[in-house]
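What follows are C-alpha cells for two forms of the same protein chain, given separately as structure 1 and structure 2.
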Structure 1
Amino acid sequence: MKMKQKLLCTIATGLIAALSMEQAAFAEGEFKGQTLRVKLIGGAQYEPLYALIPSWEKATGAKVNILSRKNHFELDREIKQDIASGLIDWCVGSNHTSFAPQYGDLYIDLNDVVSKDILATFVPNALKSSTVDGRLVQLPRHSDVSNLYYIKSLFNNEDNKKGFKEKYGYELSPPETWNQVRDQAIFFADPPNFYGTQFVGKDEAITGRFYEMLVAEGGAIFDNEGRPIFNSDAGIRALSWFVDLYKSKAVPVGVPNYLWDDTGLGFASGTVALNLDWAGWASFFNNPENSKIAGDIGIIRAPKGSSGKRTGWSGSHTFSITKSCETPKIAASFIEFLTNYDAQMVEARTGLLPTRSKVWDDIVTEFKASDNAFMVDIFKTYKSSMAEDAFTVPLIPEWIEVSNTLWPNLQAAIVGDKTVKQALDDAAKAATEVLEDAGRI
C-alpha cells in the first residue's frame, strides 16, 4: 500500500512538473484582450479536452470563441463551404489526417509557428501522417488504429477447443491471421443469438477496412503513377474475406449498414466473439454498467493478412491553423496547449491514443499504479500497433471521392448484388474517372 502511495506521489509530482513546463510555453497574460475564433469537433469523447480551455484563457488572457462544435463530417462540410465562400474568419480548426489533403492551402505549415523542441516530443509517425506535400498542416491530438478484442472465456472453453481442433485441424487460440479470424468467426457463430465477428459496412469506414485488408494481402489502392489497382488478386482476396463472412452468416445480417457505434454496442452486448475496434471503446467494454462482457475481454494486435503484414489503417485527429489567421502566434499557443502533456493524459485516461511519446509511457505507469491491468494491456497493444503496423490512407485530395466510388461497390459485393471481381472493376473504373477529372492521372 505504501509502495502504491509512493508511486502515485511520484506520478503526481511528475505531472505538476510537466504542467509547469508546458505552461512556461507562454507568458502570463501575454494575449490579454485578444479573441481566438475556432471550429472544433464535437461529441462526448472529445469534450473532456475542451474543459481545459478556461485554464488556457486564464493563463494567457485571451478568449476562445468556439464558432462550431460539430461532428467531423458536418464540420468538413462547413469548412468546404467556408473555402468556397472565401470567408475564412477563424483561426483554429479541428482536422483529420484523412480529410486534410482536400483543403489545399487553407492551413499553414506548422513548422513555421511550432518550435522544433515541441515537435520533437511527438511520435514521429503521427507527425509524418500529418504532413501533406511536405507541409505539416496539422498538429496531432490523438490517433486511431484498430486492434482485436475477443471474449476470453470462449477461447478457454474446453468444448470449444476440442470442437474447433476437430473441424479446422489446429488449436483454438486468439487469431494471428485474418484467415484464422474467418475460421473462428464461422465456428463461434450461432445466428441470430451469437455472431463470430462483425465489421463496419458503410461510408469511409468500409473503405478503410477494405484498404487495410488489401494492404495486409500485399495489395495497394494506387500504383506508382496514381492509377487505381485495387481490383487486383490481392483486392479480390481482401473483399472475399468480407463476402465469405457475410454469406456464412458469421456476422450480423445488418453489417452493411453498421458504423463504429453499432459494432461497439454489439460487442458490449455480449453477442459477438471477435471485434476489431479502436482503443476509445476499451473502458466502455470493460465497464459492467455498459457491457455484458466486462472482465472477460482479451486484446491482441490486429491479425496478419496473407502477405504477413498486419492490418493497421490509422489516422489522427488534429488541429490546424488557417492561413488567414491574423494571430498565428496565439493560435499556435492554443493548439500546443490542447496537445500538451496534460491534455493528452486527460484524453488517454478515456482510452484515446496519445501522440506524444512520453504520454504513452506515463499512462501505462498510471494504470499500473491503479491496478488496472486491462487498460495496461490495451495501451501496450496499441503502442506496438501504432509503432509497427499503422499506416494512413493515401494522402491525396481526392481520397474521399475515391472512397465514395469504392464503398457502394464493396457493399454490392457483400450483399450479393455483384460478384467480387465485378464490384472491384466497377469501383476502379469510377475511381479512375474521379482521378482523371482531377487531372491527377
Structure 2
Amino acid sequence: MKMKQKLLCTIATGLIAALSMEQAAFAEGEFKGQTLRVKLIGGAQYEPLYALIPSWEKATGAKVNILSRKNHFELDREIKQDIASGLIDWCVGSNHTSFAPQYGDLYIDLNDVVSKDILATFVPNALKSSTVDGRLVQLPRHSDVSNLYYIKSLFNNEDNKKGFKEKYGYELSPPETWNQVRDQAIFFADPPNFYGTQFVGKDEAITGRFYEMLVAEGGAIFDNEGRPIFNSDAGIRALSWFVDLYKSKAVPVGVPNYLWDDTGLGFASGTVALNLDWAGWASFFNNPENSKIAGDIGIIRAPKGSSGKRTGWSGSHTFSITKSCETPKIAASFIEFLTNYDAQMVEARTGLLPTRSKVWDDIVTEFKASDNAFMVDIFKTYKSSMAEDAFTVPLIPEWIEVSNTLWPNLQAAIVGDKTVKQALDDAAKAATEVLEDAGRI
C-alpha cells in the first residue's frame, strides 16, 4: 500500500508542476458556478492525472464532482446499472475502446463538440479505434500494449546460466517465446519467497491475456461468421500455459484474484522474475523510492507463441460524454484538458503511451536530453509493439458479455476445478448463447 501511495504522490507532484492550460477552449471563469458530475477509472496508473482537476476548476470557475473512482471492471458494472435504471445523471465517464461498443447510444459523437483542429493532433489509429458505428464516442487518453519486463541480474548470474542450460538444454537469455517464459519461470521460482512470473486472473483482464495468447498460438475467438472457436487446439495450448505455471507454483497462489495493481506492485517488490505489463509502470519500476529492482530491469518486446506471432492485446483508455449531459460544452472542455499536450507529456514521463502524435516524439527527445536511457528504451520498445504487434479485442457490443462467460471458466481451469478442454467447451457454449440471444449469429 505504501508503494502505491508513493506512486500517486510522486506523479501528482510532477503533474501539477508541469500543467498549463494548453489550447483552452473557454474564456477565463466562463463556467463559474457550474458543477460537472463525472465517473472515473481509479488505480495506481490512472488516478494521478486527476491531480490536474483543481487547475481546470480554477481556470474555468466550474467544480468537478467525482461520483465514482473505481477499477474499470467495477465502473463498467456501475454504468450498466445506471443504464438499466435509466438514471444517467452524470456527464463524463472513463471509457475504453474494448468497452465502448456495448454502451449503445449512451455517449455523444464528439465530432460535434471537439474541434477538428484538436482531433487532428491525435494518432489517427487511436481515433479510429475510438469510433463506434461511425461515431467518435470517446477521446483517447493513452494507449496500451504489454511488453516483458525482467530482472537483468537473474540472467547475468553464472550459476543460473549453468543450471538452466543443464536442465533445459539451451542458453539462458531474455525469452523469445512463451514456451521459454514458462521454462524460465519454473526455473526461477522459489515459492513462497520468489516467483518466476505472474498474471492477472479475473474479469476481462484474464480474458484479454488468454485472448492474446490464443492469437499468438494461431487461434481466434470467433470464426468468420462470428461463432466462438476459442475451444480449439490453439485455445488448449493457450490456456494450458496458464494452468502449467499455476500447477508448478511458478506464480503466486493468489493470481486468480489479481488485477493490474497487483501485478505491478508485485514486480516492483522484487519477488517476480518476469512480468508482462503495461508501459505506464515503467518509471515506477525504475524508481528506487518505489521499487526494489530499480536499475536492474530489462525490457523486451512480448514473446512469440507457436504461430510465430507475438502477443499484443491493445486498446486505449478514453473519456466520453453522456447524451443526457446538459452542459456538453463544459464536459468537452474538461476532457480536452485531461488529454491535452501538457497532460499527455506528464503522463508519458511515467511510461503511459500517448495518443497525440507530437508527444511520441517530444517525450523521447526529453528522455534523451536527460540521459534517461531506460525510458528511451521503454518508448523504443513500446513504439515497435504498437506499430507491429498491437491488436484489439473483437469490437462488438457483446464483447464484455462474452468475456463474462469466458473468464470464470479460465479461472476454473487454472485452479484445477475443470480440465482445460471442459472449461473452454463450457465457455464456448455459453458465449454462443450470448451471441444467439443478441441475434449476432
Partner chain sequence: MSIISLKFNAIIQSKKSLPYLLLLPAIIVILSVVLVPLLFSFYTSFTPFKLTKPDTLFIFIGFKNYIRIFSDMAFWVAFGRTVLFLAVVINLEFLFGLLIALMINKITFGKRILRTIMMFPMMFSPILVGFQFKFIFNDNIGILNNALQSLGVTDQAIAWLVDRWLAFGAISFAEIWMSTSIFAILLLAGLFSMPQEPHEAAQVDGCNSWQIFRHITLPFIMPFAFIAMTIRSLDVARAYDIVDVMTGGGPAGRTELLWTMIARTGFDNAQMGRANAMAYVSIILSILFTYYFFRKIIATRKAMGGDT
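None of these values were measured; they are calculated from a predicted model. For the two forms, the rigid core is made up of the largest set of C-alpha atoms that agree within 1.5 Å on superposition. Reference numbering: structure 1, starting with residue 1.
The form predicted on its own is represented by structure 2; structure 1 is the other form. For the relative rotation of rigid parts between structures 1 and 2, the listed residue sitting on a hinge is 314 (options: 46, 274, 400, 314). Of the two rigid parts that make up the chain, the smaller rotates 20° against the larger between structures 1 and 2.
Once the core of the two forms is superposed, the Cα of residue 132 has moved 3.2 Å between structures 1 and 2. Overlaying the rigid core between structures 1 and 2 leaves the Cα of residue 57 displaced by 9.0 angstrom.
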